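Single chain ahead, written as C-alpha cells, the form predicted on its own.
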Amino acid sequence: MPAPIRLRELIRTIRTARTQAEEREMIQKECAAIRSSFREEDNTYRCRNVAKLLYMHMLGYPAHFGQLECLKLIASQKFTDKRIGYLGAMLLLDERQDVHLLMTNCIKNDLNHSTQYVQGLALCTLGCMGSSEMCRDLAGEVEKLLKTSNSYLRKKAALCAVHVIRKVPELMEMFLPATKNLLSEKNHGVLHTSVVLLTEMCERSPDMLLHFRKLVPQLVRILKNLIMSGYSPEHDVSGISDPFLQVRILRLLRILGRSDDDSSEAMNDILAQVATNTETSKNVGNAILYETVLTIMDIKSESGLRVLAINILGRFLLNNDKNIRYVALTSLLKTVQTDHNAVQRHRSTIVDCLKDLDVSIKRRAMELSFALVNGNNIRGMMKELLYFLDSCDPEFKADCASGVFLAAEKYAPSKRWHIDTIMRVLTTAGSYVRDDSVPNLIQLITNSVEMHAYTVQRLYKALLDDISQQPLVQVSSWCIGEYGDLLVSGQCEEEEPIQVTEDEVLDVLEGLLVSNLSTPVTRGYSLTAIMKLSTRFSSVNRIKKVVSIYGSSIDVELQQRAVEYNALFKKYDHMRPALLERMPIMEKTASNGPTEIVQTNGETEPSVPDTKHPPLVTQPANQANDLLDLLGGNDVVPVIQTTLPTKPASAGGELLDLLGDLSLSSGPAPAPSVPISQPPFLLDGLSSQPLFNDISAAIPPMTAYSKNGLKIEFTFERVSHDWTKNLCGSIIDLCSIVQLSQSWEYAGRRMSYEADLAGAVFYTLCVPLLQTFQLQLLSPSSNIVPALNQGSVTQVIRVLNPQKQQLRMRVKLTYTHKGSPIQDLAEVNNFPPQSWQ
C-alpha cells in the first residue's frame, strides 16, 4: 500500500477546492483511505492518519472512527505518538462516551513516567476531559505531582486538581496539605495556577474560605512585589509586570474579603496602591483597574476607597474604547444603589453616553440615567431623557417612556409639571407606552381639580396637531367629554385661553369617529365623549343624530354603546344628567376604607363597604356545573341563596312563606342557569334592624337545601384548640340540621320500616368539597327524620381550610317518592364569608 499523503499536503489540497462540494469530495476520499489503513493495522502511519483526522474534525467533518486509534497511540512508547494520541483523545473523546474509560490505566502509567513531558501530557488530558470516575481513580497521582519540586509539573498538576475538584468536590481535602507551599513558589506559572486552585476551593467550600483567609497577608505581599518590581522581560506586558497574575490575585482577594472586616482591612492599602499606580494608557492597565474596582465594591472597604473606585469608572466613561465604556456603565449601574451620591458626580458624563452610536451603550446609559433620578434633579434629568426619547430608535421608546412615567409619578415637583411631562411623552412616543398609561393619566387629571381647564385646553391643541398617537387621542377625548364646558367657556388661568365653539369641539370628535387612524377603542372613547357633552353643551339634537348613526355600526362594541346611549335619550332621559355627570376624584387602590377603587366595565367608582350586610357570594353557572360533574349528576337544582337573619327559626319560616309562591327551582332547561339569589333589598324589608350587628362575633346560619318540604340548615362554630395554633388557616365545625315538614316516604338505603313510620326520612348525605379542603364527617344523631317538623337530625361536618379558600359544597340525597327512587343534587356556594375568611 502506498504511503499516505502528509498533513501539509492534505491542507494544501483542501485549500485548492473551489466549492464546498469539491472540498467534501476530497475529505470523503481521504477518510476512505484512512479507514483502509486503520483496518490493516498499519502502525507506521497511524500517527500521520490521526493527525489528518484531527484536522478534518476541526473543519467540522465526522472523525469519531478514529477514537480507538487515539487509544492505541497513547499506549505507544514513542513520545510523538503519545502527543498525537492525547491530543486526539482531548478532541474526540469526552466523559459521555464509555471508550474514554479504557485510557485510565494508560494515564496512570504516564503520570508515573520518568519523562516530565509525558507526565505533562497525561495531566493535560486528565484536566481537560477526565470524568468523575477517572478523577477518583487518579486523584492520588495528581496530589503527588502537586508536591513535586518540578515547576513544570506543579503548574500542570494544580490545573488538573482544579478539574478534579469540579468533578468530585469531596476530594477537595486531599489537596489541602499540598496547597501550603504553593504561594511560596517563585515561578509565576506555579503562582498563577495556585491562585486559580485556591479560588476554586474557596468558592466551593465555606470551610476552605475560612481556612485560606489567613493567606491574605501573603497574597497582599505578592501583589505588592508585582507592582513595585522593576522591569522583567519574562513577565512584562505593555510595561506592567504579569497582569494575568495580578488579576487572579485581585479576584481571590475579592472572595476572601467579602463579608469579613479583618481581611478587608488588610487589603485596603494595597488596593489603593493598585488603583493609583496602574497605568491607564493601555488596555492591560484598564483590565487591572477594573478588577480592582470590583474588589473594592465587593469587600467591606473604606468610603474613600469606594469613591476612588467610582472615579475610576468615571474615567472609563471618557475612554474611546466602546467596550470599556460599556463595562463602566454596567459597573456603575450595579453600585448606584449603595453609592448613589458618588455616582451622581458623573451624571453629566453618563447623560452624554445617551448620544453614543452604540445601541448597547445607549441602553446601559438610559438605565443608569433613570437610576440617578431623584427629587433634586428631576427637572434636568427629565429634560435630557425627553430629548433622548425624541431622537432614539423605536426599540428604546417603550422602555424610555415607561421609565419617564415611573420617575414622574415618584418625583414630580408639581401636578402641572407631571401632566405636561406625561403629555410630552404621549405626543412623542404615544404608540409605544404601556397599556395602563391612559387610565393612569386620566386618574391624574381627575385628581388635579385646579388643572382641569388647563389640561383640557392643552389636550385639545394636541388633538388638532396630531391624531396618530392613539393613547393621546383617547386621553384627549375623555377630557373633552368630561370638561368640554371649561374648554368652551375659556376659564384657563395658567395660559392664554383659546376661543372654541361647541360645534368646533364636536367637529373634532366626529372626525375621530370617521378617521382611518382611530382604533375601535379610540372610537369608543370619542362616542362616549360626545354623549357626555349632551349634558354640557346645548347642541343636544346634533349629538342625538351622531349617536343614532352608530346604532347600526359594524363594530359591535360601538354599536352597543350607541344603542344604550339612544335608550338614555328616549326612555331614561330624566336619568341622563345624573348618569353623565363628572367623575369624582379617584384615589389609589387601598386595602380597606371608603377609598377603595372598583373597576366596572371600564368605569372607575369609589366603593364604600357595606358593614350591615355580608356580601352574597354567587358563582357562575359554568363553574357550578364543573363542580357538580364530579358526582356525575345531570339534574341539578340551584340552591336558594338565602342568608337567614339571626332570629328564631320561625323568622326563617316566615321568610320562606313570603316567597312560597315563587318558583325558586329550575326546570329541566337545556342550558345551565345562574343560581338564584335574593336581592338585598328584599331582606331589608323584613326588619329595620341590621342583619348582623357584629359580623365578627358569630357566623350566621344558612339554608343549604329546601325542596319538597325537606330542609337542610347549616350552623357554624369555629374550633379553637391548642393544637390548631400552628395551623395556617381555620377549622370550622359545620352542623347540618335536617327537618321534614310534609308527610312523604323517603329511603336513603335499603331497610324495612312499619306503616306508622311513613313520615320518616332515611337520608344519606354526600358532601364533596374541593381538594384544597380537608373534611371529616361525624356520625349523625339518627337516620330517621320525623315528619311535620316534629324533630330533626343533626350531623357535624368538620372542615379544615388551610388556604382560607371560599367554601363550596354539594349535597346529594337519595329517597323514594310514591315508590319511585329519586336522586336530588344541589350545590351550596353561598357560605357566609365569615366561615372561610
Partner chain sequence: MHIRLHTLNQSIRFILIQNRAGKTRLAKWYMQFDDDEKQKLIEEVHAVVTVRDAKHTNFVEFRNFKIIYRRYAGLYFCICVDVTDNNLAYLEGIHNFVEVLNEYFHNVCELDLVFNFYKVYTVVDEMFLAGEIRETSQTKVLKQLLMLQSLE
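For clarity, every value in this text was computed on a predicted model and none was experimentally measured. Positions refer to the first chain, counted from 1.
Below, we turn to the form predicted together with the partner chain, even though it does not appear here.
Taking non-hydrogen atoms only, residue 26 never approaches the partner chain to within 4.5 angstroms in the predicted bound form. Put simply, residue 146 is far from the partner chain in the predicted bound form: not one heavy atom of it is within 4.5 Å. Among heavy atoms of residue 58, some come within 4.5 Å of the partner chain in the predicted bound form. Interface residue remark: residue 104 is not counted as part of the site for the partner chain in the predicted bound form, having no heavy atom within 4.5 Å. Residue heavy atoms within 4.5 Å of the partner chain in the predicted bound form occur in exactly one stretch of 707-715, 512-520, 407-415, 79-87, and that stretch is 79-87. Listed residues 547, 371, 275, 91 were compared with the partner chain in the predicted bound form; 91 is the one with a heavy atom within 4.5 Å. Scanning 489, 283, 559, 468 against the partner chain in the predicted bound form with a 4.5 Å heavy atom cut-off leaves one residue, 283. The candidate spot formed by 136, 220 and 300 lies out of contact with the partner chain in the predicted bound form, as no residue has a heavy atom within 4.5 Å of it. Annotation for 91-118: interface residues with the partner chain in the predicted bound form are 91, 94, 95, 96, 117 [heavy atom within 4.5 Å].
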